[in-house]
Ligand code: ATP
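Given as structure tokens, the chain that follows is alone and in the form predicted alone.
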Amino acid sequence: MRLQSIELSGFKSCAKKTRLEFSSAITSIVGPNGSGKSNLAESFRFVLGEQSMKSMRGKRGEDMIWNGSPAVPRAGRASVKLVFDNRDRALNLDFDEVSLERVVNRDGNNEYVLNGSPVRLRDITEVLAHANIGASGHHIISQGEADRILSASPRERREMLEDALGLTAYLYKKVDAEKKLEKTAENVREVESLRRELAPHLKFLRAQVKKFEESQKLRDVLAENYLEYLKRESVYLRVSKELLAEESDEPKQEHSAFAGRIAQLRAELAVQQNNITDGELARLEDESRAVALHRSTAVRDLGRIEGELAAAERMHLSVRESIPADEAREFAERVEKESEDIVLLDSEQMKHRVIALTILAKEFLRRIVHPMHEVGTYDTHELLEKKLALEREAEDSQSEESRIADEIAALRADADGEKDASREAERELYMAMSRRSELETAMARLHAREEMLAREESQLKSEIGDAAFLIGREVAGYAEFDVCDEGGSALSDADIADEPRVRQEDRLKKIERMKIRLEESGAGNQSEVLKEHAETSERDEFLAHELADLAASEASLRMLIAELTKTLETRFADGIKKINVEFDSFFKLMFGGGSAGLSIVRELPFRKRTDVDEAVEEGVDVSISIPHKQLKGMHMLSGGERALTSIALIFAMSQVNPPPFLILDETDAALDEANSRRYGDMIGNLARSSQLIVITHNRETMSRAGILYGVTMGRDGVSKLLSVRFEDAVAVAK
């Protein structure tokens, strides 16, 4: 890889676009003091990503921008662009030419561009690290910093040497690995914290899932019991309904037959009863009653007439003679006897006797009360005629009554004969009605059984609905469930139906108890809890997997850090040995003898001491021995001796791991003529492995350059360049 050119625009004193090409191994930049030569060296620091404004003689990014002059206005931004020939792929980019550009604006914002594409500073640093161009700036020695490596602390000196030895890439990897390890440890703590937060909830969910698993087992047992119950119940109802239909068929047919027979018998009896002349019998009975009434009336009138006749006869007798006391007594005894005889007579005769007795009593009283001349006025002849007429009427009525009674007796005799004929039909009708009642009772019992089966069928449908809610669609297959006995043999429908109902009731009670237990287990939101448990478990497993990955990553990073540390230590120790050889050689060349070397030292970091043990840091110390001098420390060296020692060490570092280019800003200012020649010889040797850009006032150094750039500054304060290629100049001179 070779440095092709650098282009500055608005950077410090380079107000206008300034371009320097580096086609020679050694390029020398000369010019008077204050012309802006060092600004060119600082432009290299700037474009390579230097972040310390102090090392570029500024306080902030705005100080890098041309600030203007009376002749030239100030710039709004500053940019520096480096172009490399990358045909050897020293830079890990698949381009033959690589350009790096850095732009700073007035607001302090920086932009980095790699081959025209905006990138990060980190990207620039990583690309340069592969080409041994590190951030320590060991390959850029600015004015007054020649002995910086000597005045630096052991730790800073170690960093410079690591950069010079090309260990920056390993250091970046180690730093990245340490950052990743720290981030991994932080992630481990976060993941462990998340797992600790999940643990109580996951424990609760696991308990719930365990409860659900138990409830699921109970559900499975319930499902099996439910299916068996439903199968048995359905078979029982089907068989019972079939048997009930068979049992109901015969009674219904027999009942229908008896109903027809009963209707027939009733019709026959109605016909037989209608054959009796009920109207004639009623007429005769009415006629008999009328005749009897007429006869009783005639008898009553006859009794009255007879009484009147008797009274008239007794009255006539009393007129003829006086009524003796014996006769009156006899009359009283007769009345008394008549009264006693009345009790023994029937109702009709008793009426006539009472009437006659009443008439006799009235006449007797009248004889006593009325005068004797009233007796002669009573007509007995008329009474006799009425008596005869009434006696004839009574006899005729009795004869008629006897005739009617004979006719009624004859009609009733005929009716009794017909009743004897229908008595068998009545007996058969009674037996038929009795049998029909028995059949109706049996049919009522069958109907009650039918209603009971209907209720049980309704209950079965309800149980099927409950079962579907509890065990799901599985209940639909209860008809295909095989009911087996204790030996495992399938039972027939007849065997299932013949089982005592109490066992089926026990099964239902058992199912109800299991349903209660299932409800108490809280399986209502089972799906949600199971889903949450699955998600939480999956998250916990993911975190556990992440934790395992992080642990593996942590172990891998620790191993990588250990390997990088070992590699760095090994390569650093080997590099120190090689640098010591070159350092001692250059030192002897510069001082004409003596010795110089580097040694690894261990020291605590400069902090306030505490009781806690602190890590020991490794650094690099410089030890020299100048001929004919006894030195007790580096602080006893003169300015020239420090410059020579620094140059010897810098050149030794460059020889062990040559950088692509080396920038020396007046590092030879303190050298005398003899040392300047030695310095020039060393520059010639270094130019074989690295491009050199030397800012100098030393003619010996200038003579070694292939291209000479002269820097001048006019009244406008802007640096200007003049270039001379010595090869072309020599050709022109000849």
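Position 1 is the first residue in the sequence shown; the rest follow in order. Keep in mind that this is a model prediction, so the values were computed, not measured.
Not pictured, yet referred to below: the form predicted in complex with this ligand.
Only one segment in the set 684-692, 38-46, 699-707, 668-676 has any non-hydrogen atom within 4.5 angstroms of this ligand in the predicted complex, and it is 38-46. Looking at Ser52, you'd find every heavy atom of it more than 4.5 angstroms from this ligand in the predicted complex.
When contacts are judged by a 4.5 Å heavy atom cut-off, Leu722 does not count as touching this ligand in the predicted complex. In the predicted complex, at least one heavy atom of Ser13 sits within 4.5 Å of this ligand. Within 4.5 Å of this ligand in the predicted complex, a heavy atom is found for every one of Asn33, Ile65 and Met713.
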